[in-house]
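Same protein, same chain, two forms; see structure 1 and structure 2 below, as structure tokens.
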Structure 1
């Protein structure tokens, strides 16, 4: 009896394209799950993390520190930590803005009802 299976349900592999197609008169939801400003922030931090420390090193080693590689290396490490703290601050504010938005929406829904 354990070999008996329910055959009426199709698995994902057995479905056709038309099974996924939206119903007539209904548009499929193509709104991106992650808002654009979050993606720009993440891209910006990724870029900063790659460019800022090593860029600081090569820019400052001859111009500011006059060939002293030790100070240039230290400044590169400092720049990496500056990017990190920037990320922590932005992540903190992101959370607060989400909470404020939720609060605002709650107020709006109370007004309408």
Structure 2
């Protein structure tokens, strides 16, 4: 047994561009979905996640651990975790600063009204 589909609503693919256009007198929102500073932080931590463990391994395998690759690999894994925890800490601080900024703006708007 089949059911009928409601044909009155348009799907996203069937909608015209005028459905997404700004209303008369409104400016279109051209801000990026993700702020630039967030992208730069992500790129920095991505670079650190690649360079820090590999660099730690190759620097420590002969200089610190005397050719013992097991200990050098363990130190590289520790460095990867250090970078990961650093990213988590920075992300939490950024989230808290955004919440504090929104709260401050809300208080300022209440003072002016």
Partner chain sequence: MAESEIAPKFAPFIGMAGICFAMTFGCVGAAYGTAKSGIGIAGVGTFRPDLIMKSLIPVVMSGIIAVYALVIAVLIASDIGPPPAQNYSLFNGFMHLACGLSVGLTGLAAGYSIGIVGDMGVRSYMQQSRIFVGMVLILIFGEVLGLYGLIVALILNTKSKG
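Residue numbers count along the first chain shown, from 1. Owing to the predicted nature of the structure, the values given are computational and were not obtained by experimental measurement. Here, rigid core means the biggest group of C-alpha atoms that superpose within 1.5 Å across both forms.
Structure 1, rather than structure 2, originates from the form predicted together with the partner chain. Relative to the superposed core, residue 70 shifts its CA atom by less than 2 Å between the two structures. Superposition of the core reveals a Cα shift of 2 Å or more for residue 35 between the two structures.
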